[in-house]
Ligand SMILES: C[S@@+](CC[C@H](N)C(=O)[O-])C[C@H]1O[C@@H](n2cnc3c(N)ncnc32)[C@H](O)[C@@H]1O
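Presented below, as structure tokens, is a lone chain in the form predicted alone.
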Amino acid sequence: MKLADKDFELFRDYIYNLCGIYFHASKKYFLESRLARRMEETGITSHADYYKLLKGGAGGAQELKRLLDEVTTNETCFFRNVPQLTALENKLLPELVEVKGKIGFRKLRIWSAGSSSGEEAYTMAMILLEKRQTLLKDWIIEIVGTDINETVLAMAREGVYNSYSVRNTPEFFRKKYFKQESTEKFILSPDVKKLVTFTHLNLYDDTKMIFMKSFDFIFCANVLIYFDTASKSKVVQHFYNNLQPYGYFFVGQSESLHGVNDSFKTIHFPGGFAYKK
């Protein structure tokens, strides 16, 4: 069913006010196709009736989650941004461990925001596991993965991946931390899974964001591209507030905080950059 301009604006504004994701007019067809999928599934034949369901009809809350699953994109893989991971492992992590070690606080907290099906969070878990007997000996490690999409969170908790997800994984990590059952089935080690907790989170929810405290590293790759400037500013300020004083914030390679937030200091390293509080 064709989406009228007024209905497009209605759904666009509703989604924006809920989670900050903004659909430009050029994305009208994308939203129209995703709404059509959900309407077919629910048996609803008019956009007006579907909107009523989302706004408070019986089962509206569950249907809203399903719609948000449809309109969020989840493209990721293990070891996706190698320059960031190299900088984390060889420079930023040792520096942070030294600073925290001086005050006797041996706890490391990392947040993968917009974690999708878990590849980013689990990548960091594997890297940190390799430091357990050396740099991070006797340290408490906590990694939190959050996403607004319930479907991908369930996949993350399961920890089973296909060859596309592990395509960039170095052979050492693939052999050590995965059990390969077929060419298309890689089962993640329980040792990796137990380091990561996955939870549902809307980055636009001020109340819940306030409680995401005391992180040393926050990764939020290719999430801010779905927000307009106002939404980005709001979400990034929460990230800034929730970082430790010496913490680092990472975004995607094609993203920038220019014109969004000037509280961070940009740190450059070979092949990339990060933001420091």
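Note that residue numbering follows the sequence shown and begins at 1. Predicted, not measured: the structure shown is a model, and the values here were computed from it.
The discussion below concerns the form predicted together with the named molecule, not included here.
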item	value
The named molecule contact at Thr72 in the predicted complex, heavy atom, 4.5 Å	yes
Proximity of Ala221 to the named molecule in the predicted complex, heavy atoms at 4.5 Å	yes
Val152: touches the named molecule in the predicted complex, heavy atom cutoff 4.5 angstroms	yes
4.5 angstroms heavy atom contact with the named molecule in the predicted complex for Leu92	no
In the predicted complex, the residue from Arg80, Lys131, Lys176, Arg106 that sits within 4.5 Å of the named molecule by heavy atoms	Arg80
Selected contact from Met126, Ala156, Leu203, Ile143, since only one has a non-hydrogen atom within 4.5 angstroms of the named molecule in the predicted complex	Leu203
Which of 96-104, 116-124, 135-143, 186-194 lines the interface with the named molecule in the predicted complex (heavy atom within 4.5 Å)	116-124
Contact at Thr76, Ile148 and Tyr226 by the named molecule in the predicted complex, all three, heavy atom at most 4.5 Å	yes
Residues in 21-59 close to the named molecule in the predicted complex, defined by a heavy atom within 4.5 Å, in order	Ile21
